[in-house]
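One chain comes next, on its own, written out as structure tokens in the form predicted alone.
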């Protein structure tokens, strides 16, 4: 009888130990993105990881996967919806294929003059209205992260729209970006970010549009002769999370993560311009690429050529959405 009692007690202790160990297993968040760790987004993801793990005292573990380590560029959205990855920070252009075409307003050329214009949208009511479009897709939008304004690289100098004729230029998958390149006279080539360097190196494409930090960290400046400072568009990311996973978190944990995301967002957006400025200086110092600065008249010619892209996409993005952005930023199409 005593032996039986001891066995029952031992089994109970073992069961409780297993239960306690299970209860102490951390909540794992797989956070995947496509760029290098030393870009604004890469550093922002690591800052979020640091804040989450410190503030939850290990209850949450954030596994960051840069450079498309976890999934190929283009596969992550489906993996997020399936729950195979919990968090992503894709370009907002990626939401168009999901049916949230309003996000492609960020791709319209020259719709933002500077970071202040951009933040009036992302940090205001329009940004939140856009995030609501993702709810029905099983996705929650947490924050907008800046990467900066895009410049144009090529193996020939690009100063006027006429210079784009015959050029094959890499773009992300976006009807708006496709139209922008065609408006300038170039042929757009949709390609995953991870494939761009090799495509530039081998001449599959002649050039591409991106921010200085992305161009530098991917060493694209080593296989391109010219970089035109056009500031014709923005690369804006949205940090998103699987809705079922996020809403299933304990309320106290979710509150801590929301605070960490707010701080990581401020950190990322604060360093974005600095990172781009530093990347520009490093590229200039390398002597491997020549930087072209457009005159006021040359830039106006780009704007005028690309304005038709705004009109051409009113039906898909929504004329009302475009007009809301105009009102927020002070963009006046009639000035061109």
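Remember, predicted model here, so these are calculated numbers, not experimental data. Numbering follows the first chain given and starts at 1.
Omitted from view is the form predicted in complex with a small molecule, to which the following refers.
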{"property": "Contact stretch among 127 to 135, 229 to 237, 97 to 105, 259 to 267 - heavy atom within 4.5 Å of the small molecule in the predicted complex", "result": "229 to 237"}
{"property": "The small molecule contact in the predicted complex: residue 197, any heavy atom under 4.5 Å", "result": "no"}
{"property": "4.5 Å heavy atom contact, residue 34 and the small molecule in the predicted complex", "result": "yes"}
{"property": "Residue 153, heavy atom within 4.5 angstroms of the small molecule in the predicted complex", "result": "no"}
{"property": "Partner contact for residue 210 in the predicted complex: the small molecule, 4.5 angstroms, heavy atom", "result": "yes"}
{"property": "Contact residue in the predicted complex, chosen from 217, 242, 172, 122 - any heavy atom within 4.5 Å of the small molecule", "result": "172"}
{"property": "Sole residue of 167, 86, 91, 224 within 4.5 Å of the small molecule in the predicted complex, by heavy atom", "result": "91"}
